[in-house]
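What follows is a single chain, given as structure tokens, in the form predicted on its own.
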Amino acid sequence: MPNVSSNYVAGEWVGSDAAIENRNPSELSDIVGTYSQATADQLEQALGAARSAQAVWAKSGLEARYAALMAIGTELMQRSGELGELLSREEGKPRAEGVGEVYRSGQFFTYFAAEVLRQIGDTADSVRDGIEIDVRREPVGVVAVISPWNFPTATASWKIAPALAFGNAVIWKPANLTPASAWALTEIIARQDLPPGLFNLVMGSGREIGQRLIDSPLIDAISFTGSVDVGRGIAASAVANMTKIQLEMGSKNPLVVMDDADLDLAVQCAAGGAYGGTGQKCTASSRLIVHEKVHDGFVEKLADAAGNLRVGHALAEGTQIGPVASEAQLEANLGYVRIAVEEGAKPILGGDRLRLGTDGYYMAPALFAGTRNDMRVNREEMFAPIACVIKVGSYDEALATANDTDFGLTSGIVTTSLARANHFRRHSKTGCVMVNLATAGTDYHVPFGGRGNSSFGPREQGRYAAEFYTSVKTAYVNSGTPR
């Protein structure tokens, strides 16, 4: 049995002299584990092994790829209770959400296992006589996967699964905040019949291991989910080697509540979107754009709903909001609460640090009214259980306000008008639009991504994933004249 603190490089579990301690944000005295930090030499070894293994994997039979991905996905789903609890213990989301994330991660692998068998190209006749054309996709090569801490298993899975399905090798650098989930997924992948070095886990800081990874000329593609600033840095580094990039970054998602909305449904969508996962979702709705005719009633109902949400230990029965993932994130959240007040927002409830039965990073969900779209709390991604209400006087003003942002990941509208719903769906400048649904919550078999500062490069998930993880080859064949 390999040491739980090890990295996985070139088909072997390898340790190092440097390690980090992983603590439970619900209960700081609980040490989840100690995890090795990869060395520069280990990363170079992983890069070399990945290139060799990828050449072998690219020639492997489709059924071998199908079997490996199906096995990974099946085990994730079967062990979702156990691994979901581990995820919640280290990240802080309620146990039910952790279990759901791991189960969904298994579905990503089984979905792309099926996609392995659906890799069908195109044929065409040339404009020249006697020439036929064959169009097919080939692996892009060695893929660097850099994943975030807020969905430590799911986000990594929706990158790793298609990378392997389409014949690529993977070097995965997970967020250092959630190494336990990364190690658990790696342990499952390591037991599959894969060429040594096809999949590698290199845990370490972004400044050291992450930067070396993206700077390497041995990387053919980089899939990253994280902040805008880091994404821009990756893009700048990738240009030097002409490395293909896929960046999922920040967001500032609006939920529009119209005067004809079902207010109970609107509150359900707003509370789930703004406070679910402690607001630590790139799809969270932190901007609530509400028509003046229903504004007061909506704010009252949402305040009541938010005030009744149970904040507690991630593994405790009945917890609806777990702790913030880290001390640094909590301090940033409390800073935004102060900024909102300084900018003139009206505090309705919450926003303070909570002291509960265990020492953890607990925060009461916050609600502000009387905010403007030009306030920092409505311009910057907070990644916090904070919702800000913006009052508008018409649908046109609501749409214009929703689109007035540097981001463009998800948006939503709550209305009983089919005309408004369809108009918003067509004119909202986001990659994903929700009608009478929370902005958070997407399916695994359809494309995911945004516009503006939210995304750069091809979409993730579903059949659109092939655009990033493959290269298209067009072949012309002159078969001659039959005799």
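All residue numbers refer to positions in the sequence shown, first residue = 1. All of these numbers come straight from a predicted model, not from anything done at the bench.
The discussion below concerns the form predicted together with a small molecule, not included here.
- Stretch-level contact check against the small molecule in the predicted complex with heavy atoms at 4.5 Å: of 193 to 201, 132 to 140, 207 to 215, 102 to 110, the positive one is 207 to 215.
- The three marked residues, N24, E90 and A180, fail to reach the small molecule in the predicted complex, with no heavy atom of any inside 4.5 Å.
- In the predicted complex, none of the heavy atoms of P254 sits within 4.5 Å of a heavy atom of the small molecule.
- The small molecule is not drawn, but in the predicted complex it has a heavy atom within 4.5 Å of T225.
- In the predicted complex, G360 stays away from the small molecule, with no heavy atom inside 4.5 Å.
- Taking non-hydrogen atoms only, E381 approaches the small molecule to within 4.5 angstroms in the predicted complex.
- Screening N176, T74, N241, N403 for any heavy atom within 4.5 Å of the small molecule in the predicted complex leaves a single hit, N176.
- The partner is absent here; in the predicted complex, the one residue of I386, M249, M258, L399 having a heavy atom within 4.5 Å of the small molecule is M249.
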